[in-house]
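Shown below, as structure tokens, is a lone chain in the form predicted alone; questions about how it binds or moves come after it.
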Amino acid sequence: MTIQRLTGTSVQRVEDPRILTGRGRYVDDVVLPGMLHAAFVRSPHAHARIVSIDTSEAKVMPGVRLVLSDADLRPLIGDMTANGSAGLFVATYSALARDVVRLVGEPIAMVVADSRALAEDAVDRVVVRFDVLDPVIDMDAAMRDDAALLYPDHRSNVIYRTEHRYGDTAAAFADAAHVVHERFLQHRHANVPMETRGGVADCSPATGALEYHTSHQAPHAMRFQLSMILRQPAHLLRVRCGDIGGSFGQKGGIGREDIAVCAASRMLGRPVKWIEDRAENLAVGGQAREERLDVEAAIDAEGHLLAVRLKMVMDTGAYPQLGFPASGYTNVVRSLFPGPYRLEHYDFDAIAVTTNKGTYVPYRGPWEVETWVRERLFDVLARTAGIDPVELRLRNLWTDDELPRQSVTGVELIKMTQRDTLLDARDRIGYDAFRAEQVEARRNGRHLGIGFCNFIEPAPFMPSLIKAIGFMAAPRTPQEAHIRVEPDGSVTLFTSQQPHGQGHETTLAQLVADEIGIDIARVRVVHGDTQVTPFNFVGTGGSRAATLASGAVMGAARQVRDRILRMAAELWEIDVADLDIVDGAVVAIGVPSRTLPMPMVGVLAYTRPGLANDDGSLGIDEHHAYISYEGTWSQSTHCCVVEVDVETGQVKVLRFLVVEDCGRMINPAIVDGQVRGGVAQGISAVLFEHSAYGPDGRYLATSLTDYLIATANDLPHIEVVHHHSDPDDAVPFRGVGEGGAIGAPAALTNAIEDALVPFGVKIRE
């Protein structure tokens, strides 16, 4: 067997020379002959009826080629309908506003002109008359009987309700030594990818074929939805994604602008480009994380968690994203809230409401609120019972002899190492010494605090979790890979992953190179082209790549390796067991002089019919599908140390430690980058970011000067320590894409409250 040489090492990223020298190919780098540019007329009101749209003046502006409203598009394309589930109201809506606008920034009309500047000039000449309606911008206001209705036919702004009961909370509360009641609020913030949304649509008048270049996480899902909405034959539709400057969940759905731009290109028979500016992205590109959770929890005198009752309200915004349904968010929060802890009596109620705000979209760890609330709750319970917060967590974690088992919600808990990561974090941070230092610092007027957070991350979602969530039909999540040996002996991998910063061109190439036995420089990874890559609805998201993509790639690479060895055995008339592939050449074991270099393998495979394939076909070309199983957990303990200036409120993060376990690592540097990037976003969410709305429903940020995000100067060095427990299946890798952003908010918030204990300060938002 070929010995692994690359996997587990911090190989320099294959993507970096291209990206760091400015040679990446992002959407705005796509320039096509005859290309036109689009800009949108957007609503200035959060809620209003459209009385009239006058485009006559805009149509005669210099350089204007097309002006469209819903009336122009309606005969040509269909409407947009998101995924649904039982009990969920899902609004159907048009690419351009029809009759009513429901948020500031909603697209009403589109202008296509010779340049972006000319298109924007013409946008200012479109006259729209409105009958302004009362906006609904607060989840409580949305639920009032006298609230203005976003969708009058539904007769309520509540679009989803769910109730679940596990065990007997009434009996458990009756036995409690301590009961706490708390309300936790998580404010709305945005994904803020470095590259905003955008697309270039190119429709051929000769063939009717439409090609769409876009910045998106899931090209095949985009193609599938575009085909249906545009009524475009799928065989005449191709979606292409190049380099992508981040997404964090925002680019997993399909935008109204995507539909309009593609329709315009088809109408004009010319390429049409639209690139979102930052103001558009902040207001209508998608926002996340606006939830309120009322929690009642009971513990016994020793601090053992007896029961939790939880009521969740989620603000979904005005329109559903074409992708993840609103019910999915509440149900994944419900399913994961118990985490790695011993909770056996649990009530969960949830309501999702619609308001005149931007669409709620997934954001790195879309279920993060379950961790934030649970880990904040443990600190509240610890102070109530007079027990150290680390000790309280240790008393409530499942022990090794109690595992594996199902959680109270039915999720399989396998290979839990949370106790190990917590103890290691406690020791590495010097917890006992810190508590002594904290006491002395308070005497000197300095206020230090420490906070911990435990969480388990499904990486990726496993069958039992999908069943517990209950909104998806597929019990497992497959991933495919396709590997082809080229005539010169190099290897091309086609993956349905769509990286947007994760480094898959490197990690997947490492796996291919090791499994086959060739140099990583001889491996090319192809992604982002629906014409050649395997079909997959999700693309890259939900920490799928480390397990699913790796399983598919390793399977296909092993099949290629076996095919190469069988071909050499046939050629040399030698037993295949006596052959290996070493440093890019087939070698006869014990006879080092007898070699078949990969370039010759490629030549023979394509020129000797029947040598590589029994049916006489040429080349070596293998597919493999990998299906996920149970036990796909990553887990982590975050520990944060802060100092709070009680005069100014300034928070300084002094240390941030992450002790995590994602199984084995393909590329440790990339894993560390994923963890640190997520932590940076979690810190930024707590201390800087806020998607704020005025009382009239107007979004208050127009740029990154008033929507603040943390910079390198605001962040500490993030210490990352790895544990390595091998999962129970053939793929020993687990994802870490969500974890940093899930754990950091709770650890940081706990630390801030801990610093302010002498003042009796409670932080619940």
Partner chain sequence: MTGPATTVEVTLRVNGEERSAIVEPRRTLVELLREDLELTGTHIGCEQGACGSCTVLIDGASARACLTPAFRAHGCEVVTIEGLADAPGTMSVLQQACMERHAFQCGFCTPGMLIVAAELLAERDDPSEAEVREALSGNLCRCTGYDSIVAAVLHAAERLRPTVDGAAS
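Treat the numbers as computed from the prediction; the structure is a model and nothing was measured. Positions refer to the first chain, counted from 1.
There is also a form predicted together with the partner chain; it is not shown, and the following applies to it.
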Candidate stretches 439 to 447, 661 to 669, 304 to 312, 104 to 112 - the one whose heavy atoms come within 4.5 Å of the partner chain in the model of the complex = 661 to 669
ask   = Judged by heavy atoms and a 4.5 Å cut-off, are N83, E163 and F461 together in contact with the partner chain in the model of the complex?
value = no
The partner chain: the contacting residue among A174, V582, V132, M194 in the model of the complex [heavy atom, 4.5 Å] = M194
ask   = Which residue, A680, V512, L422, V136, has a heavy atom that falls within 4.5 Å of the partner chain in the model of the complex?
value = A680
key: P44, heavy atom within 4.5 angstroms of the partner chain in the model of the complex   = no
inquiry  = Under a 4.5 Å heavy atom criterion, is V491 part of the interface with the partner chain in the model of the complex?
reply    = no
ask   = Does E689 reach the partner chain in the model of the complex if we count a contact as any heavy atom within 4.5 Å?
value = yes
H500 within 4.5 Å of the partner chain in the model of the complex, heavy atoms = yes
ask   = So which bits of 272 to 295 sit within 4.5 Å of the partner chain in the model of the complex, heavy atoms only?
value = D277, R278, A279
